[in-house]
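Shown here is one chain on its own, the form predicted on its own, set out as structure tokens.
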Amino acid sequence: MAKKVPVQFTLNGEERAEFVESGATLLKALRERHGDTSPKGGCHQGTCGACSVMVDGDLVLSCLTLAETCEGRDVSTAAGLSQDGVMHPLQRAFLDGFAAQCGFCTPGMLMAAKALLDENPNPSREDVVEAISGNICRCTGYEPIIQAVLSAARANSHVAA
């Protein structure tokens, strides 16, 4: 039987505390213990990006991150992007730009795009391509996703101006 360890962290702005099995992944904890199914378990090897979340503002692969290493940290997932029923500009741009077909990669793509725009609000196309390069999509061919991220960036800069 695996040893259980206490972990306290913030998930999308809400304090969470639990005991997790030592060695359990953040992906498993989020999906099975907290009901946040937005991070997807794709490859479980850190190569598809479907499980991408942000920890203290840094993009991480939740399938390779141990839940117990999130003690005292701030975890953000795609489920936390919308606020009070209003979509985040990235979510709106993905929807408007038909950038989410089957939707499996979408949460990871959104988190990769959010990490980019948080650091660089006016990215070039090449910046977007680099930012999402760790995420695999088998439906869209990437171009709608790239255009959606650029559209969200333009919308944000328009609002900020």
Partner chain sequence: MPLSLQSFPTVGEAQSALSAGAARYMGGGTLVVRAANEGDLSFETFVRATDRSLREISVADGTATLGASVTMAEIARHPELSTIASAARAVGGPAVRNMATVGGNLFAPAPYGDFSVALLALDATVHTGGRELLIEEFLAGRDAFDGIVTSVRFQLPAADAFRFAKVSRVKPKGISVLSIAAVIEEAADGTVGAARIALGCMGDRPMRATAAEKALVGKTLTEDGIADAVAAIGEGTAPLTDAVASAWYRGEVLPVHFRRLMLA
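It should be emphasised that the depicted structure is a prediction, and the values quoted were computed from it without experimental measurement. Positions refer to the first chain, counted from 1.
The same protein has a further form, the form predicted together with its partner chain, not shown here; the description that follows concerns it.
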Between Leu61, Ala93, Leu30, Cys105, only one gets a heavy atom within 4.5 angstroms of its partner chain in the predicted bound form; which residue is that? Leu61
Even though the partner isn't displayed, in the predicted bound form is Gly134 close enough to its partner chain, meaning a heavy atom within 4.5 Å? yes
Applying a 4.5 Å heavy atom distance criterion, does Asn122 contact its partner chain in the predicted bound form? no
Answer yes if any heavy atom of Glu130 is within 4.5 Å of a heavy atom of its partner chain in the predicted bound form; otherwise answer no. yes
Does Ser151 reach its partner chain in the predicted bound form, with heavy atoms at most 4.5 Å apart? no
Within 4.5 Å of its partner chain in the predicted bound form: residues from 14 to 34 (heavy atom criterion): Ser22, Gly23, Thr25
